[in-house]
Ligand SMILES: C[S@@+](CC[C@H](N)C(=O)[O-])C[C@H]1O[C@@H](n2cnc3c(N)ncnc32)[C@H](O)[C@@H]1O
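Shown next as structure tokens: one chain only, the form predicted alone.
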Amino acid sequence: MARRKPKLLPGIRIEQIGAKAKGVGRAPDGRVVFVPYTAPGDLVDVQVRKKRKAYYEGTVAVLKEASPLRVPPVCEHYGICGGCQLQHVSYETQLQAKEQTVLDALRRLGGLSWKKQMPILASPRVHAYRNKMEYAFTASRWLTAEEINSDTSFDRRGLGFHVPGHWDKILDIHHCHLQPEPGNRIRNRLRDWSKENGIPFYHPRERTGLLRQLTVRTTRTGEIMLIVHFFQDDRPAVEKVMRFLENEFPEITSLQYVINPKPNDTIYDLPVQLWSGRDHIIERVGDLRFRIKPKSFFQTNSWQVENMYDRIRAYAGIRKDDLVYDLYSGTGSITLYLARDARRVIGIETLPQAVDDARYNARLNEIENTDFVQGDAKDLFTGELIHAYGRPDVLVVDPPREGLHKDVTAQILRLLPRRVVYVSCNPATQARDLALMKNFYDISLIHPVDMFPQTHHVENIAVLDRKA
């Protein structure tokens, strides 16, 4: 039987940018149409890829009328890489879309209202803002349509990003606009030198090769960390690669490597070996310094994080005798930022290495009125901990994308601190959690923050005050 031809929806006018940066239009039958890489005002013919009772999902078959909000993407890889979903619209349009994403989530999913809304906080940089990038080596890179249709044979080795929806396909990247130099220069030189010297690239399906991943971390202070991930411990080849990098890039502050023979790419359970330099780099936020090691979590946009932390500190409204709790405290950046105003700040964090970093950072900045407790907030934020440290006057939470565990929410409602500052990278789960607290707290303020220009991601700060 012949395969049914995919449905074409002609003449769909895109009305807005919705969740995950997908353009939103309306089909003649009333169903919503979601189309990525479109702008409000576009008129497009849509090739349907998914059909459901209430909506269609598709791709642009023909751009019949281009929106005036469109701008030329700066990246040659745009639309294939998948890392920047909004590069085709102006930054002002990006901000409006992200702000609307937050408002829609809070109103529609949470049924929430608030007393004051601050305009979305724009990032000081819209390109070259990421302080951490991870690239994958491949012996079987993604080929363009032109390459596939030609009769030429191509070198399939590459170093770049996973193509969305294809775990084993890597797009070879020439220039990424998200991280400042020397990230591109190091990546391109290592790829070219490795090809010239016959260093085997990793093949994810066959699980062969040597070079597997490359992590580049930078700071605003000019420090650079490079971590090379090898698939196997081929000592002569590993040493050859590391000697090349040490000699070619003497500006690297911390040069390290890891051997990862596992099926997955995560290295949190593996030892990282120092080759040369320090085992860490130092970032500065405000007048505070923070140690960053290979497995440390740190906010990705160093140019924006200080602005966000300044708002969190101001919105927390901490009094000098207040006891503050910071849940999901990571390497202690928010905890230490708040400590100057409080009697004491208690940080709770799951990852042992993050707690070690936080305690080190407290000593580095000569801050003595903090305590860091290691464990999952749902297990630690209990009566026993409160008995040991006291009831919080102010609570700051910055959970992962899945939001607050129900036990954490229940404990907040038992303790009822005077103010809760909820920082979220997922407006949907934030809306869910705030809805559970709305009988006990008023939302006095919300403030969306753009930490990731060119992408659909958005942060939001919500300030909750206990009802009288």
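Note that the structure is a prediction, hence the values are computed from the model and not measured. Heads up: residue numbers just count along the shown sequence, starting at 1.
Here the subject shifts to the form predicted together with the ligand, a form of this protein not shown in this document.
- The chain is drawn here without the ligand; in the model of the complex, the stretch among 342 to 350, 387 to 395, 122 to 130, 151 to 159 whose residues come within 4.5 Å of it by any heavy atom is 342 to 350.
- The shortest heavy atom separation between A377 and the ligand in the model of the complex is within 4.5 Å.
- Contact between F297 and the ligand in the model of the complex is found at the 4.5 Å heavy atom cutoff.
- Heavy atoms of Q87 never reach within 4.5 Å of the ligand in the model of the complex, leaving it off the interface.
- Though the partner is left out of this view, W114 does not reach within 4.5 Å of the ligand in the model of the complex, counting heavy atoms only.
- Put simply, of Y315, Y309, F249, W303 only one has a heavy atom within 4.5 Å of the ligand in the model of the complex, and it is Y309.
- Between the options T370, T138, T218, S329, the residue in contact with the ligand in the model of the complex by a heavy atom within 4.5 angstroms is S329.
- Contacts with the ligand in the model of the complex, taken as any heavy atom within 4.5 Å, map within 395 to 412 to D398, P399, P400.
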